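The chain below stands alone and is given as structure tokens, in the form predicted on its own.
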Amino acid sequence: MTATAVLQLQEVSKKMGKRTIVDRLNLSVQRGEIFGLLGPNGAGKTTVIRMITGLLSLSQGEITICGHSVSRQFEQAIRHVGAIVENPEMYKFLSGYDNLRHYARMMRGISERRIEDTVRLVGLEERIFDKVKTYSLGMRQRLGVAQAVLHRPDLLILDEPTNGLDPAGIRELRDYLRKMADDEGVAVIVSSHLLAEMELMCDRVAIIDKGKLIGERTVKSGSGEPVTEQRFVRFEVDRPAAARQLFGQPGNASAASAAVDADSHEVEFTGTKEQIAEANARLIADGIKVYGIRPVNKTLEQTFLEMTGGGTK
């Protein structure tokens, strides 16, 4: 595990009868990072979260949180975790503040000052003394997040947190998660099948399909700016068939797709900046004329659909 990794999954599998729900999953989540688990409904996202939180046992592999094994050192591991699995449950006849005080009594070392700081962190100062039954769904989500981070966890886990929220509520939640990651160094895991929201919310996403990790993508840099580790370009060449064959040879880190347009003689290529330069050099060395290289901006949705074969179930 790296020095800043809060969560590590190593060869994690879950079987129910003869069915494999999660298949040899390897992941790590860093401090201060918002990490997305992205996949179609039924891909295994919630199963992964239930194993991380100890609600389901592992069939194989190891999960560690801040260096503690969830299987062998559950109490030490779980004290570093705050989680909302499905919807946050609150006492609706109590105020938001009284709900937090009630929860604080069950944990050691939570002061009144910490409650006030957490309320401010999630932006509920104006309504915290109102009864929860008067809260909107978005406000209840924010109160749930406040409860989950009250004990200063190193890892916050949210399973489908935007379900039922309107656009304003989703944006508010996104802003508060970013603030917690940046200000308190909390590692945040968010599971969802909503592509657009994950692209806006997360620093990095893991794409899961049928229980398997089929790809990871960095969405934002440390400054919050969108980035793309893998670049997508189109080479305009005189012999596209020869270029596709060259890119598809063993030993190449990336592969070209079919020609985008037979008339334009363009071939699409995926790779790092260095790999694109190497690909250009190989084309020239093989006598293929390169008339131009132009970038193609692929969204997370395009990447997801390509990796999952359409993402439909």
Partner chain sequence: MISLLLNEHMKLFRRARIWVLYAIIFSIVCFASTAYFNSSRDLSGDDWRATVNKQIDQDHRTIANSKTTDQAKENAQRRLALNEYRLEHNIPSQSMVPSPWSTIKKSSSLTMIATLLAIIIAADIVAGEFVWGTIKLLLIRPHSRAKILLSKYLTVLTTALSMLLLQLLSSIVVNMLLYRFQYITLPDLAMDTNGHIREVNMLGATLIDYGYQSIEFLLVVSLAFMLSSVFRSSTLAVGLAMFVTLAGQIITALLTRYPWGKYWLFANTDLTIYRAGAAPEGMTMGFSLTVIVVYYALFLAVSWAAFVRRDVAI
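Between two forms, the rigid core is defined as the largest C-alpha subset superposing within 1.5 Å. This is a predicted model, so every value here is computed, not measured. Positions refer to the first chain, counted from 1.
The same protein also exists as the form predicted together with the partner chain; that form is not shown, yet it is the one meant from here on.
Asker: Using a 4.5 Å heavy atom cut-off, indicate which stretch of 105 to 113, 120 to 128, 179 to 187, 231 to 239 touches the partner chain in the model of the complex.
Answerer: Looking at the partner contacts, the answer comes out as 105 to 113.
Asker: Would you please decide whether Q73 lies within 4.5 angstroms of the partner chain in the model of the complex, comparing each non-hydrogen atom pair?
Answerer: Heavy-atom contact with the partner chain at 4.5 Å: absent for Q73.
Asker: With the cut-off set at 4.5 Å between non-hydrogen atoms, does N87 touch the partner chain in the model of the complex?
Answerer: Judged by the heavy-atom cut-off of 4.5 Å, N87 is in contact with the partner chain in the model of the complex.
Asker: Spell out, yes or no, whether the shortest heavy atom distance between S57 and the partner chain in the model of the complex is within 4.5 Å.
Answerer: Contact with the partner chain, yes.
Asker: Heavy atom to heavy atom, is T270 within 4.5 Å of the partner chain in the model of the complex?
Answerer: Residue-level check for T270: no, no contact with the partner chain.
Asker: Taking the partner chain in the model of the complex as the reference, which of D154, E172, D98, E216 has a non-hydrogen atom within 4.5 Å?
Answerer: When the partner chain is considered in the model of the complex, the option within 4.5 Å is D98.
Asker: Give me the residue from I78, L137, L200, L194 that has a heavy atom within 4.5 Å of the partner chain in the model of the complex.
Answerer: That would be I78.
Asker: State yes or no: after fitting on the rigid core, is the Cα displacement of E184 between the shown form and the other one at least 2 Å?
Answerer: No, shifts by less than 2 Å.
Asker: State yes or no: after fitting on the rigid core, is the Cα displacement of D154 between the shown form and the other one at least 2 Å?
Answerer: For D154, whose C-alpha is compared between the shown form and the other one after core superposition, the shift is less than 2 Å.
Asker: Would the C-alpha of I110 be classed as shifted by 2 Å or more between the shown form and the other one after rigid-core alignment?
Answerer: Yes; I110 is a residue whose C-alpha shifts (by 2 Å or more) between the shown form and the other one when the cores are overlaid.
Asker: By 3 Å or more, the Cα spacing of R50 and H102 differs in the model of the complex; is it closer or farther than in this view?
Answerer: The answer is closer, because the C-alphas of R50 and H102 approach each other in the model of the complex by 3 Å or more.
Asker: Considering a change of 3 Å or more, are the Cα atoms of V132 and M180 closer or farther in the model of the complex than here?
Answerer: Farther apart in the model of the complex, by 3 Å or more.
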